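Shown next as structure tokens: one chain only, the form predicted on its own.
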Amino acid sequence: MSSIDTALEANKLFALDYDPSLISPRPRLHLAVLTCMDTRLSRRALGLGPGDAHLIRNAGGIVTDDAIRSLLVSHYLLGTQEFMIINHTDCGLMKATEEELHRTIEQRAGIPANSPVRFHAFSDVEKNVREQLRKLAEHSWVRTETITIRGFVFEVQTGNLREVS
């Protein structure tokens, strides 16, 4: 059985842990979180329940064009007032350079990429959080006088968040 089939079987037994009539697409805490797709990070690690926040995930918790698009929808259409950017220790994007990632994937795929791909590899997690905060704050539609933006590092060994200033 494939992993997708396993997930489909589990879904047959799944029961919502919330009443869908009480949950709005508008986050109750007016919070949007941009974080890594890493399996060790979850809404539970942030003390968030269903309906509390928008969780936007990508490899590295990077402020990409698509992440900005999602954050803008979250703020302007769904009422979030705070953006939280979370990177984490032991991130896979810290384990290889951009060039090494391209070389490895091209070798495994057997062909070069047919469109440009940027992985946003980095070596210093705190510096990367600062870079993501800067990129987000520089967007003309991200009005820092009405949106609070803060950055954090999730320590995978302890589960604790550390704010980056």
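If you superpose the two forms and keep the largest set of C-alpha atoms that fall within 1.5 Å, you have the rigid core. Keep in mind the model is a prediction, meaning the values are calculated, not measured. Start at 1 and count along the sequence shown; that's the residue number.
Although it is not shown, the form predicted in complex with another copy of the chain is what the next lines describe.
Would His120 count as touching another copy of the chain in the model of the complex under a 4.5 Å heavy atom rule?
Heavy-atom contact with another copy of the chain at 4.5 Å: present for His120.
Is there a non-hydrogen atom of Arg69 within 4.5 angstroms of a non-hydrogen atom of another copy of the chain in the model of the complex?
Because a heavy atom of Arg69 falls inside 4.5 Å of another copy of the chain in the model of the complex, the answer is yes.
Indicate whether another copy of the chain has at least one heavy atom within 4.5 Å of a heavy atom of Leu161 in the model of the complex.
Heavy-atom contact with another copy of the chain at 4.5 Å: present for Leu161.
Report yes if any heavy atom of Asp124 sits within 4.5 Å of a heavy atom of another copy of the chain in the model of the complex; otherwise report no.
The answer is no: Asp124 has no heavy atom within 4.5 Å of another copy of the chain.
Given a 4.5 Å distance limit between heavy atoms, list every residue of 78 to 103 close to another copy of the chain in the model of the complex, or none if there are none.
The stretch touches the partner through Glu82, Phe83, Met84, Gly92, Leu93, Leu101, His102.
Asn11: after superposing the rigid core, is there a C-alpha shift of 2 Å or more between the shown form and the other one?
Yes, Asn11 moves 2 Å or more.
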